[in-house]
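The chain that follows stands alone, in the form predicted alone, written as structure tokens.
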Amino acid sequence: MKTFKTIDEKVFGYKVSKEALGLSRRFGYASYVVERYLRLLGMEETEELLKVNEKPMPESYRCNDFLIACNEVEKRLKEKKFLVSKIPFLPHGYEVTFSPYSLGATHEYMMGYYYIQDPGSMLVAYLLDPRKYTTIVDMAAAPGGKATQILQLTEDSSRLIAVEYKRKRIKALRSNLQRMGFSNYLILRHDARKLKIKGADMILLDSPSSGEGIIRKDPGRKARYTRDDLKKIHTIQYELLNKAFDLVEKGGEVLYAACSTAVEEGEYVIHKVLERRKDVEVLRTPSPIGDKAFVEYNGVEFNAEVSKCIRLWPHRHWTEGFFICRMRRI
């Protein structure tokens, strides 16, 4: 078994420059986060990212065509004076540029006709490309955005096992699955790292993360976590992804996603799994938006297969920051 102590030190232990300190004070970030941006993007683009993160995300929703036609939802919301426009790269995605009142307080929302969801989050389930009549495990399912999307895309025909460890979050998960009209699911309250199930054809791991990708929605993420916190998050992500490959059938697919701009939560997690397992291959997944993932960081060269994964950036793609990687057990 390979050890990664020296590489961990390079990935997590970089020094913070004066430039990063200045920008972190100016924009309110943990300095190591800004230093990472500088090393990945350079000064000019880092400033652009930091400025974009100061602007709130527009609201968006995914219409639920399992219950109602999308154009009918759009029509109803416009009659209520919402300003709504189609998101071109998302089949069921709409942006709301003006709301006369809360998007979650309409009759249509209560009826399950749409789910309030960000564009990057929607894209994850499309890239999973869930197949009908298969067994799919959502390893971190609450509050249910991607779980409901999986069932929507498979017309409630897939057998969905929705796993959530925190009891308080299960209430929202169950509520959303019921509200949107789905029935072909099983909710498990369990630590996904300890799952013992068989027969999974596909697994979605939208992993717990630092949430650096949703700073526009939650500015507190700028400085919420220390480097030691990030190491702990990274370890959990690696353990969850490793478990996913223990659970999925040979030939089955795993999609890993993290709502983060951190290499530590994306490329480095995939690199470790690829270096420690010989039964995993990365699939090149066509995406309507996104950049190639990084194959080198701070003197560390990642497994070349990592280049097939993709990254979403708030300042480039006008989504949350996301890392997405689709893989297969061989």
Partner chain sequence: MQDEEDLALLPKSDLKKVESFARALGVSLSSFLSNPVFLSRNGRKDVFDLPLFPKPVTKKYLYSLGFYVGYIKGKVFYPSLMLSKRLSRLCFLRICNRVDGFGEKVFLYNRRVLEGHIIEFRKGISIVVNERGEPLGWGVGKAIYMKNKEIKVVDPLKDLGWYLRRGG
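Just so it is clear, the model here is predicted, and its values are computed rather than measured. Positions refer to the first chain, counted from 1.
Another form, the form predicted together with its partner chain, is not on view; read the next lines as being about it.
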task: Indicate whether the candidate residues 92, 127 and 227 are all in contact with its partner chain in the model of the complex, with contact defined as any heavy atom within 4.5 Å.
output: no
- prompt: Looking in the model of the complex, any heavy atom of residue 109 within 4.5 Å of its partner chain?
  reply: yes
- prompt: Taking the shortest heavy atom distance, is residue 181 within 4.5 Å of its partner chain in the model of the complex?
  reply: yes
message: Taking its partner chain as it sits in the model of the complex, is residue 187 in contact with it (heavy atom to heavy atom, 4.5 Å or less)?
response: yes
task: Report yes if any heavy atom of residue 82 sits within 4.5 Å of a heavy atom of its partner chain in the model of the complex; otherwise report no.
output: no
message: Quick check for you: of 241-249, 187-195, 218-226, 202-210, which stretch puts a non-hydrogen atom within 4.5 Å of its partner chain in the model of the complex?
response: 187-195
78, 171, 131, 232 - the one with a heavy atom within 4.5 Å of its partner chain in the model of the complex: 171
message: If the cut-off is 4.5 angstroms on heavy atoms, which of these, 71, 157, 175, 97, is the one near its partner chain in the model of the complex?
response: 175
task: Would you give me the residues of 113-142 that have any heavy atom within 4.5 Å of its partner chain in the model of the complex, in order from first to last?
output: 113
